[in-house]
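Here's a solo chain for you in structure tokens, the form predicted on its own.
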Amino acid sequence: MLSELEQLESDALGQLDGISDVDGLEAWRIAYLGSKGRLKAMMPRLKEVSREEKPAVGKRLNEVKKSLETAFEARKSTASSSASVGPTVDVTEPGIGGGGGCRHVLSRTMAEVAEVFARMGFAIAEGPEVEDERHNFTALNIPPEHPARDEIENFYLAGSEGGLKLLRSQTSTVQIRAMEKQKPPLRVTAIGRVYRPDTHDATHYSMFHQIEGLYIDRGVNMVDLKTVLFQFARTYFGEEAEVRMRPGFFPFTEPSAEIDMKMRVKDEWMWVELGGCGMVHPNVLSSAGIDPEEYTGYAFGLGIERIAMRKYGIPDLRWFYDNDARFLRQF
């Protein structure tokens, strides 16, 4: 295979030297570097190479690819500069009007979701995206040895002044700040960006958005939590929305539950986690100066991207961040 790569590079560069027009260059690019070109056709054959030879063959594949791309770019600039100068369009024709703008689908979803909870009596609370360990972990009953604090699970900031800082990993940090500022009864939502070093796939991203809900008062129970979440789902998605709660675990709630919704992912209907919820842990109430013997409360956190995926039938979370205008203008 190494000899075939040498021959392919020699043939390609030899042909490239004899091309001087733009059309010929494009035909060459398609033949050698295109998605169905000769170089691309050799890549699947790596699996036929022995384990010992595979590193050398893989390295040579990359070298040939880079060599052809570099030669193509150099030749293209020469061909472009030598092309005849003249107008390529009729400059007297009327211009094409620009398309109208629209809100990003995530901004739209956040506004819609916040409006639904506002109708249930939830006020808006805000907090910083750069957080300290107390609000992101300690006050949420996450002990120092908990794996959620590991460096591989968070974006810690080097050289932080006044103690270790990180990009917040959840909007639950805002509930602590809200409880510190306002005593019960308290009913708020917080919506914004959070950060976790997740591997990017159809349902995960390293930066995403959450909405956090918190209700603290006397006599609040799990039935209240289930009612507000099911009411939200059926208000926002319609009466046919399929939602379920299943037992879960979070250090800051007890008991805890996961919230799932049925949605289509890559042409298949499946249960996808929207977030977590539960009754606020007594330790969390105490850390914010609220007496757990007098007050109870619930909290929930929902993923905005997954809500938007279910609402608009989007199968891949990564599309939100590709900035493809053809996709974004649909909303």
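Throughout, we count residues from 1 along the sequence that is shown. Bear in mind that the values here come from a model prediction, so they are computed numbers and not experimental data.
The same protein has a further form, the form predicted together with 3,4-dihydroxyphenylalanine (DAH), not shown here; the description that follows concerns it.
Can you tell me which of 166 to 174, 229 to 237, 198 to 206, 126 to 134 lies within 4.5 Å of 3,4-dihydroxyphenylalanine (DAH) in the predicted complex, counting heavy atoms only?
In the other structure, the partner sits against 166 to 174.
Only one of L68, V284, I304, C277 has a non-hydrogen atom within 4.5 angstroms of 3,4-dihydroxyphenylalanine (DAH) in the predicted complex; which is it?
Only one listed residue qualifies here, and that residue is C277.
Contact with 3,4-dihydroxyphenylalanine (DAH) in the predicted complex for F250, defined as at least one heavy atom pair within 4.5 Å: yes or no?
Although 3,4-dihydroxyphenylalanine (DAH) is absent here, F250 would touch it in the predicted complex, with heavy atoms inside 4.5 Å.
Would you please decide whether T189 lies within 4.5 angstroms of 3,4-dihydroxyphenylalanine (DAH) in the predicted complex, comparing each non-hydrogen atom pair?
T189: no, not in contact with 3,4-dihydroxyphenylalanine (DAH) in the predicted complex.
Decide whether T109 counts as a contact residue for 3,4-dihydroxyphenylalanine (DAH) in the predicted complex under a heavy atom distance cut-off of 4.5 Å.
No, T109 stays farther than 4.5 Å from 3,4-dihydroxyphenylalanine (DAH) in the predicted complex.
With heavy atoms only and a cut-off of 4.5 Å, decide whether Y32 touches 3,4-dihydroxyphenylalanine (DAH) in the predicted complex.
No, Y32 is distant from the partner.
From first to last in sequence, which residues of 7 to 27 have any non-hydrogen atom within 4.5 angstroms of 3,4-dihydroxyphenylalanine (DAH) in the predicted complex?
Nothing in this stretch is in contact.
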